[in-house]
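In structure tokens, the next block holds one chain alone, the form predicted alone.
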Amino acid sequence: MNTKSLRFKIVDAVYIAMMILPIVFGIVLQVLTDPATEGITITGAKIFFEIPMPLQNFVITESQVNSAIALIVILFFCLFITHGISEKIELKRQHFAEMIVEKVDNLVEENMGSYFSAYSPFIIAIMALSAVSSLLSLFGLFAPTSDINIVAGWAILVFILITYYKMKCGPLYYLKGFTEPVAFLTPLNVIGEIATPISMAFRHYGNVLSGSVISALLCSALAGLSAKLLGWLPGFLADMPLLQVGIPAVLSIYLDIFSGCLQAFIFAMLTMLYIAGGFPAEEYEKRKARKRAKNKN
């Protein structure tokens, strides 16, 4: 083993460790801060501490900490799969990295058009952050996507981008759109505009939270059913959680893994469709053509 390959493996090991350590930190933090309880409890994100501010205290919650954990995991995963990339493909991970880039580029091209080709990094970032945040529940951590504040922040960011592209043809053209197809529908159009980020946030938050709640309730129900079925056995056999072995893992494949990844994909798809759908491409091109003709004259 030469020095270069040894150094390469050491860097790889560091990247892998930095993907694991934040999750371990989150688990330890939860164990240290989670009070002992009996039975099943379903609560929101814990508040760790507050920073005094003039208007309102700045609150540091479990959602924010776990969001940071998700971001760190994604960062070092990206560093890992791009480590050692070269023109001549020598690593299997490079095939994986190139596949991700190609799939996301094609997805953006199909749903947004060539004008938005630069949006691929933004879309994959939203998708990855949402998926990893939801999958943190597999480690017993609070999923940030189960907090409406986190998902609402993403939805507001997307809404700002939607509004920005709708106003590409000017504020008057944007306001005129509320009067179409007829003027008396203006109040409904305004409500529909405001409802966009609200529906995006509550759809994502509600689906992820409901999966976590159902998973917790099923685990509790299986524990009770196991005690009923085996309660007549003598000694330690009566305390065996038979139905809690394997069945919750199978259920989590849908409730945690499939559902979390699906909601990430849906949120990314809605982001693409809303941004591209709100952009008046034809009118924008006409205005650019008129401006070019005016400048020539």
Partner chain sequence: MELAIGIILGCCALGAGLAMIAGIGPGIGEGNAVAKACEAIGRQPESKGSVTTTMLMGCAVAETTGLYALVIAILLIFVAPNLLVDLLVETIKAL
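Numbering follows the first chain given and starts at 1. Values in this document were obtained by computation on a predicted structure and should not be read as measured data.
If you look for the form predicted together with the partner chain, you will not find it shown, but the lines that follow are about it.
Among Leu251, Val59, Met269, Ala45, the residue placing a heavy atom within 4.5 Å of the partner chain in the predicted complex is Met269.
Out of the listed residues Leu209, Leu135, Ile74, Leu91, Leu209 is the one that sits within 4.5 Å of the partner chain in the predicted complex by at least one heavy atom. The closest non-hydrogen atom of Ser86 lies beyond 4.5 Å of the partner chain in the predicted complex. Proximity of Lys166 to the partner chain in the predicted complex falls outside the 4.5 Å heavy atom cutoff. Residue contact check for Phe80: none of its heavy atoms lie within 4.5 Å of the partner chain in the predicted complex. The closest heavy atom approach of Tyr119 to the partner chain in the predicted complex falls outside 4.5 Å. In summary, the region of this chain contacting the partner chain in the predicted complex, judged by heavy atoms within 4.5 Å and restricted to 194 to 202, 177 to 185, 123 to 131, 155 to 163, corresponds to 194 to 202.
Shown here without the partner chain, the chain has no residue in 47 to 76 lying with a heavy atom within 4.5 Å of that partner in the predicted complex.
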